[in-house]
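Below, in structure tokens: the form predicted on its own, a single chain.
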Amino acid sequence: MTQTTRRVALKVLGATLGASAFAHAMEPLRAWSKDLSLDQFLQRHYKELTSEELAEGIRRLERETREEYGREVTIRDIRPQEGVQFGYALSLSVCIGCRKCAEACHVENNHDRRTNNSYIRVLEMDQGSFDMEKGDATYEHAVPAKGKYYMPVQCQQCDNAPCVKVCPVQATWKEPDGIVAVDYNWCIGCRYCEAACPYHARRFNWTKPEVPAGEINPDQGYLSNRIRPQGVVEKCTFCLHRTREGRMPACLEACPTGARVFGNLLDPKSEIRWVLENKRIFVLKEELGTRPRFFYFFDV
């Protein structure tokens, strides 16, 4: 990526869009930028930051979290490991729709408490149907219900990700270990990626997140669960601040039935490889050619 600034990126976007469309797309940014310091607004893209610039940016974010939320946090830049390609699988025969995974995601990733946001939607599906667009994410009755099965959906970390292609400022990209990341200090909030995602896996911060100091997870990653600002689009990162250090995603650890399987696709002895080689797996919306790294299977 050639060196650029947010100002240049916005000029490119303005030249690409019509005047009316550009004005509409920038509406969230106008509200958001009022709360940004000059250093934040002019910070270069994550991939272009020197180690000194990144360290200074992290110190600033830690200081702002302490001042705005009243909590000491540690933000780290955890890089991908060589020889690792992450994959996730989920048994639809075992999932009971309890939403414990979504709750764990909410806490682990410092989501806004007012909206009860999470990167995971658990869909209640009619048995025999595989159309996620017909799933119900708002069910409130006891689970599991007769004649139903449950399909948690989150970012599929696609190898041919539509969200990456449509971002006009390259604020989202594919990491070497397969995770689709977002530079939250570079995102301009146009929501093109949100519209492009066929899995409805991205979330837009309409307001500044509300998280009580005592509920903030202080173990944070720069590209993952640090508190995201108002006016940006955010997404699941397979808990990269955990998984890149050999731990499991929070959603997997919270699952009471063992429905979730995570690991290194390049490791022939990993559980994820065993699932892919021994189960009849499928991916959502395969016809779109997005090549997800999130797989589903039934234990039959």
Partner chain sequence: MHASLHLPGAAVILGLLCVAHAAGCQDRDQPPGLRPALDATPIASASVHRPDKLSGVSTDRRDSLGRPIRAACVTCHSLRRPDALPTSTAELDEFHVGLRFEHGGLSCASCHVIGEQDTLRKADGTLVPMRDAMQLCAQCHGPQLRDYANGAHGGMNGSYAGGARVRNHCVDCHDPHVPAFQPSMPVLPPRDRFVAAPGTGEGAHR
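Positions refer to the first chain, counted from 1. Owing to the predicted nature of the structure, the values given are computational and were not obtained by experimental measurement.
The form predicted in complex with its partner chain exists for this protein as well; it is not shown, and the discussion that follows is about that form.
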{"item": "Listed range touching its partner chain, judged in the predicted complex by heavy atoms within 4.5 Å, from 187-195, 211-219, 67-75, 162-170", "value": "187-195"}
{"item": "is_contact(residue 228, its partner chain) in the predicted complex, heavy atom dist at most 4.5 Å", "value": "no"}
{"item": "Touches its partner chain in the predicted complex: residue 235 (any heavy atom, 4.5 Å)", "value": "no"}
{"item": "Proximity of residue 206 to its partner chain in the predicted complex, heavy atoms at 4.5 Å", "value": "yes"}
{"item": "Its partner chain contact at residue 118 in the predicted complex, heavy atom, 4.5 Å", "value": "yes"}
{"item": "Contacts with its partner chain in the predicted complex, stretch 268-287 (heavy atom within 4.5 Å)", "value": "269, 270, 271, 274, 275, 279"}
